[in-house]
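Just the one chain here, laid out as structure tokens, in the form predicted alone.
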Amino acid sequence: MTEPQGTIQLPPQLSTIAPEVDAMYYAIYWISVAFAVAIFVAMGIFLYQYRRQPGRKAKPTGHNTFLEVFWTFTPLLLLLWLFVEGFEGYVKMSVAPEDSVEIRVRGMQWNWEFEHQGGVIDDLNRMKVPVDTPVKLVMSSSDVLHSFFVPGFRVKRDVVPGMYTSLWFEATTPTPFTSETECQSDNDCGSGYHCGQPREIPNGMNADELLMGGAPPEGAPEGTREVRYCSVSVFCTEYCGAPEGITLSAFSEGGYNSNHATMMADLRVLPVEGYDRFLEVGPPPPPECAGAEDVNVCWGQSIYQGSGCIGCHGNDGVRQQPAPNWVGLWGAVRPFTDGSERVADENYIRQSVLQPQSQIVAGYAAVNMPVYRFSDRQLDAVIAYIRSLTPDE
């Protein structure tokens, strides 16, 4: 497959709408160049033709109806054509096809979260889409104004607090993620791509196999390795300033997602079968759990430590504030503020995570737990971890 090529001014075209956007851009660009050249040439001729000369008295140039009509209506017709072409392009970019795959996008300081069909939550700041398939993004912000921008796709839309905005695109080129495309810096990836954020991959696997829910082959060495892959660049273009020292080179040193200037995400375009497999199995467990005795318990502990649960819920059997301790929670009877009670089983924990205000435990009425969005596999892992914290009788 021939790698998409960019131009001096624009990155490679990686979506179906990109050629039309580029054609419109270059039409406006070359019309502007032509008018600028014509105006400057005319200025030069007039400066020379009507320069001040000894013994020659200046006279009014007179009136030319044809020229006045020409320079009035010619730009008007051009503007009318640009308006029609631009409006058609805007409508096409705004109205997603009916068969689009829908993905929820949430912007927050300073990260992107992606939720796929079936409630599958992608890894933070990592987005997967199928190739040759219309994808509609329904976007919202949990705090301030953000802006979702993918230069290679030629799409950009503000992500506004308190409302939904949307855009759509259809990626035309699968993004390679095999070991042959590992990178060390953005210079290794070419225009339109960046060297993605570091991630751990089990030994004996490549990123393609991991993304499609594979497992290390038998006999593979234990442990993991850190790799980075070229990805399509996703930016937040609501620039709010960067702290001193955050530069482009800092991205390669782990400076991602510390402020608006570095609020980036890695977008991967998968084959359709690979994306369907991802939806089926959800994000894989963390690599460090590959050799664990119980992968779900290990995964649940990783979620507990990495998703903010640890900030309120203790796992030592002692600390009960600001939220209930998880030790001994499984199978216990939970009294609620409305006087009812319920045994803490799988359904109780699932509802507590997805709808935390629907069943408030007595003594914790002042606690306002946020809604957490996990895939079914991730919820299973959290439940397994909580269950493992209950002492055997």
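Since the model is a prediction, treat every value here as computed from it, not as a measurement. Take the two forms, superpose them, and find the largest set of C-alpha atoms that agree within 1.5 Å; that set is the rigid core. Don't overthink the numbering: it's just position in the shown sequence, from 1.
The following text describes the form predicted together with a small molecule, which does not appear among the structures shown.
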Exercise for the section: Please determine, with the chain shown alone, which of 230-238, 127-135, 310-318, 97-105 has non-hydrogen atoms within 4.5 Å of the small molecule in the predicted complex. Expected result: 310-318
Handout entry: Heavy atom within 4.5 Å of the small molecule in the predicted complex - the one residue of 292, 189, 323, 261 that qualifies
Key = 323
Handout entry: Contact check for 139, 140 and 155 against the small molecule in the predicted complex, heavy atom at 4.5 Å
Key = no
Exercise for the section: Although the small molecule is absent from this view, report whether residue 368 comes within 4.5 Å of it in the predicted complex, heavy atoms only. Expected result: yes
Problem - 4.5 Å heavy atom contact, residue 18 to the small molecule in the predicted complex - result: no
Practice task
Examine residue 329 and determine whether its closest non-hydrogen atom to the small molecule in the predicted complex is within 4.5 angstroms.
Solution key: yes
Practice task
Evaluate residue 381 for contact with the small molecule in the predicted complex, applying a 4.5 angstroms cut-off between non-hydrogen atoms, and reply yes or no.
Solution key: no
Practice task
Would you say whether residue 126 is displaced between this form and the one not shown, judging by a C-alpha shift of 2 Å or more on the superposed rigid core?
Solution key: no
Handout entry: Did residue 96 shift 2 Å or more between this form and the one not shown, C-alpha, core superposed
Key = no
Practice task
Could you check whether the CA atom of residue 323 moves 2 Å or more between this form and the one not shown, using the rigid core for the fit?
Solution key: yes
